[in-house]
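Starting off, we have a lone chain in the form predicted alone, written out as structure tokens.
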């Protein structure tokens, strides 16, 4: 019927809380479009393509028509949450929009913040490792001329039921003066760990103070990483973590990975330099944390340390030479107690330093600590535990059996070996999205600072985005035909410009080059190959794994969706993945405060089978197959295969369509 006037669309009212702003819009309009047109700030860094999950709002009244998006859990949908870019108004509606503070404090989609939560009961109050006991003594006389040490032991037995105590020469030198200065009323700091487990083993005396001047009682849990060192200051009175500090491992100046450190250790004076560098790093952290919390370093009375086998050897001054030479044998796996003064740590010189036990040459105490703190050693579920860093270390098993291996991933996922890579500190690009039609990126930096570089999580995001938008092929080569100024030939081949110089804090463009991409692909291939070989060795498929526990400080920031798209993680349902934070430090903390767990972690290490990949041809075959995005065999990545077959490297979800296409669809549906 020519000339007929189209029926006008119905208008609906949309109220945004807490802004209190009400606007009118056509029924069927997209909620994000309405918000932006009304100057209501909605966090949508991916440009409304449905790929970031940040534009969530909550329906307080009325209804919306929405599409399901895996970025939003079904439980959240039932609670009324929706992604604004995936929602269309069908009637009057009120939605609440999170404030800027709520947006900043909300964990990234698919990640979890680190927390101290043990998977088992720990009776630290009943069986403390380090105790402070007060002892009152009668001074010696001509009638009672018992020597000072025996007098102390006598009263300790009478007043506290402790029949003996070990006193080293260092403490013995201070004993006579300390007793008299305190007028024979003293507070003793005792290492009770072994005595608690076996009353025939006497405790050790660590310090003597005036009874009236009882000092605090702290412990230190350390994660000695190849790249970073993290320390937890723990109050033995409450078992709480008082503060946390971290810094680059000073050994980085001598090499980025364990192999280069071992090579450096064979130079004249090399081992001594490496040892002093890591001790220096720990001491710097000690002084920082002591200054911040106004404590005396001599009140730190015990240390537990977790690190890979090479880092632990160097920390103790042991020669790591034979770790890298066939048949790859460390000096020891269960390491003896060391004293703080012998190591050169600036704490109570008589404090004990315990290192978590290693399993093999490349599966160290950090993994034993991770299996402990994750509770893997207690579960019935078939579990894959992984710790991704400079080395990719992994454990497969249940409470009945455990098998482990390690592969050299290199420093790429920690920002090393990448032109503009950096550690995850302020100014690092940590989230990246690329518009499929304009090829323009949107990114977020840590601390919302001007961009200084790209950290590991940002590199995984970027690689995934470049692949799903078709900007790179499965071999990691940049599409030279793209008409975008961001794709160009640089000094080291083709590259993609993530941030132009004016929007950075460095004064020059931040880019990712084909060489960078190649390094990232090699790193992810090594890790995925490790998964496959580990499963094959015990006759299970990756699909049979019931849960994947991701440890490591870096691991908690991995975006599972992007990790699957590039072939870093197996293509399994997202709910099977769980982030645990820095499990190495958590394991060291666990062994510090839980007396019986010190022995449990040794038992874990001893019953863990170690698979040496250096001598396994199957690993090289799997590694070669994984040197593509996501993999040579697309059947192992069915969700990514669907994308490739239906739309080249199309977006995973319908929400990846352009904003214009969404609006057309909305109008047609209405």
Partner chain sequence: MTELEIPVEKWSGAVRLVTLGATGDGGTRTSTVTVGGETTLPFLHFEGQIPNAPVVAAEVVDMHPADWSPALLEALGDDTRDPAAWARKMVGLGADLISLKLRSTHPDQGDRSAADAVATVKSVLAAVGVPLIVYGPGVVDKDNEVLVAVADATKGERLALATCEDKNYRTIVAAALGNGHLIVAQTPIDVNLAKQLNILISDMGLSLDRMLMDPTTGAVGYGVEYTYSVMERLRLAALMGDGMTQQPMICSVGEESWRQKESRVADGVPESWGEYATRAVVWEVTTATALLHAGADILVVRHPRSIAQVQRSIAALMKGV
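Remember, it's a predicted structure, so these values are computed and weren't measured experimentally. Numbering follows the first chain given and starts at 1. What we label the rigid core is the largest C-alpha set whose atoms superpose within 1.5 Å from one form to the other.
The same protein also exists as the form predicted together with the partner chain; that form is not shown, yet it is the one meant from here on.
Partner proximity in the predicted complex, defined as non-hydrogen atoms within 4.5 angstroms of the partner chain, places exactly one of 572-580, 473-481, 172-180, 343-351 at the interface: 473-481. Contact with the partner chain in the predicted complex, judged by any heavy atom within 4.5 Å, is made by just one of 627, 64, 40, 27: 627. In the predicted complex, residue 60 stays away from the partner chain, with no heavy atom inside 4.5 Å.
Superposition on the rigid core between the shown form and the other one places the CA atom of residue 577 less than 2 Å from its counterpart. Comparing the forms between the shown form and the other one on their rigid core, the Cα displacement of residue 328 stays under 2 Å. After superposition on the rigid core, the Cα of residue 518 moves by 2 Å or more between the shown form and the other one.
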